[in-house]
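We've got the same protein chain twice here, in two forms, each standing alone as C-alpha cells: structure 1 and structure 2.
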Structure 1
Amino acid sequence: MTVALATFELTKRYIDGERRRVAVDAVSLSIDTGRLVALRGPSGSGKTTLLGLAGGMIAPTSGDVQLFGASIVHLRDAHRTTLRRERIGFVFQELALVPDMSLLENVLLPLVPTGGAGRAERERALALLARFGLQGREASRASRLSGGERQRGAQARALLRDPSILLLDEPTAHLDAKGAAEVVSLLAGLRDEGRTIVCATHDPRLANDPRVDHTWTMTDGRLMDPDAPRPEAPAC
C-alpha cells in the first residue's frame, strides 16, 4: 500500500492584526492510496487550512507536505500549478464557482490554459454533471444555482482531469438528508475506483458513515491521536 498523502510537523500561523493565531499546529499524518478519510472538528479548528496546505492552496509556515512521496512545499509556481491541475481535485467550502459564468463554463475552466475544451472534454464534463445530478442545469448561471447545486458543480469540476487525490471541504454542507447520502455514496464510489479522498467536515452524516475508512479529529489546530479508537456516533 503506497502513501498518497503525508504531512510532517505541518504548521500554519496567521498574523491577524496584533494577534498571532496557529491555524494548524505541527500536524503529522499519513493517508494510504484508495482511502476515504474524514477530517472533523469544531468550527475554527483548522480543517480548511489543513486541507488547503495538503492541496498546495496555502503555503505552510513550517513543516512538509508530500504527495506520493514527493514534497510539494518548495515547488515553483509552474510546478504547483501543474500539481493543482493534474494531480489534485480540490473543492472549496464555498464561492468556488464564478457566479456570472454558466455551470458548464465553470466546469471547463481548468482546461482553458491548456487549450480549451474539445468535444471529448465537453462530453466528459456533461457526463460528470449528470453523475452529480445536475443534468439540465449546464447552461444556468452559477449565481442562479442553489448552494447544494454549486457545491456539486464544483465537485464535478474537481474530477474533470481525473485526479488521483480529491480534497473536499464540507462536501455535504448545503444538502438535505437525501442529497448528503447521495454525495457520500458518490464519494465511496470514487474511492472504489482507486482514488484517495479527504473530506473536511463537521457533518456526522459523512464523518460517521460506515463507508468512511477513517476519521481524524482536529481541535485548535492539533490532530487527535490517529490510533485512538474511533469516536462513537452520539445517540440521538
Structure 2
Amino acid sequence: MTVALATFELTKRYIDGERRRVAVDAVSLSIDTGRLVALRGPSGSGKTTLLGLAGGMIAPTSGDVQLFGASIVHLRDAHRTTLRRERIGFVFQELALVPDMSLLENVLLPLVPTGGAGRAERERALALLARFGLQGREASRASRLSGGERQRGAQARALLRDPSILLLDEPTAHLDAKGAAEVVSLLAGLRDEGRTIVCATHDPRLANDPRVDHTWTMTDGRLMDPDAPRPEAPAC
C-alpha cells in the first residue's frame, strides 16, 4: 500500500504576544492511499493547523511533511503552490465561496490563476455539481444556497482539478442529520475511487461513522491515539 501523506515530528509554534504557543506538537502519522480518516478534537486542539501543515498551506517550525514519499517542506513557494493546485483539494471551514458569484462561477474559481475555464473544464464542473446533487443550482448565487448546498459546492470546487488528496475542515459542521449523512456518503464514495481524504472535525457523526477508516484524537496539539499508524523515519 502506498503512503499518500506522512508527517514526521511535525511542530508548529506561534508567538502570541509575549508567549510562545505550540499549536502542533511533534505529530507523526501515516495515511495510506485510498483512506478516509478523521482528526477529532475540540476547538484549539491543533487539528486545523495540522491540516494546513499537511496541505502545505502553513510552514512548520520543525519536522517534515511528505506527499507520496516526497518532502514538501523545503519546496520554494511557487513549487508548493503548484503542488497544492495539482495534487491537493482543500475545503475550508468557512468554505470561502464568493457570495455574489454563482455556484458554477465559484466552482471554476481555481482555474482563474491559470487562464480560466475552457469548455472541458466547464463540463467537468457541471458534472461534479450534478454528482453532488446540485443540478439546477448552477446559476444560483452562493449567498442563496443552503448550508448543505454550500458545503457540497465547496467540495465540488476542491475536486475540479481531480486531486489525489482531499483535506476538509469541519465538513459536517452546522448541518442537520440528513445533510451530515449526505456529506459522509459523498466522502466515502470519493475514498472508494482511490482518493485519500482527511477531515478535521469535532462532530461524532463523522468521527464515529463506520465508513471512516481511522480516527485520531488531538488534544493540546498532540496526537493522543496510541494505535495511530506511524511513519518510518525518513532516510538521512
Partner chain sequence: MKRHRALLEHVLGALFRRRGRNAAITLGMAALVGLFSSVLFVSEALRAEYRALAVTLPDLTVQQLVAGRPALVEAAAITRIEALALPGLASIRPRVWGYLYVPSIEGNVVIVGGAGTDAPGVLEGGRWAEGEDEIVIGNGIAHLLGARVGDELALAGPGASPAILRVVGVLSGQTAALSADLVLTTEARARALLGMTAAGFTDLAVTLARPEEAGVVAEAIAAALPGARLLDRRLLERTHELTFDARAGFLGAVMLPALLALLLLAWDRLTGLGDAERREIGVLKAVGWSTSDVLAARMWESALVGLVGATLGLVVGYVHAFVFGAPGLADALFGWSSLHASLSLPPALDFAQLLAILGAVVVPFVGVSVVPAWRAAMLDPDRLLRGGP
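Reference numbering: structure 1, starting with residue 1. The term rigid core refers to the most C-alpha atoms you can superpose between the two forms while keeping them within 1.5 Å. Source: prediction; values computed, not measured.
Q: When you get a sec, tell me if the form predicted in complex with the partner chain is 1 or 2.
A: Answer to the question: structure 1 is the form predicted in complex with the partner chain, whereas structure 2 comes from elsewhere.
Q: Does L145 shift between the two structures by 2 angstroms or more at the C-alpha, the core having been superposed?
A: Yes, the C-alpha moves 2 Å or more.
Q: Using the rigid core as the frame, report the C-alpha movement of L103 between the two structures, one decimal, in Å.
A: Here L103 registers a C-alpha shift of 2.4 Å.
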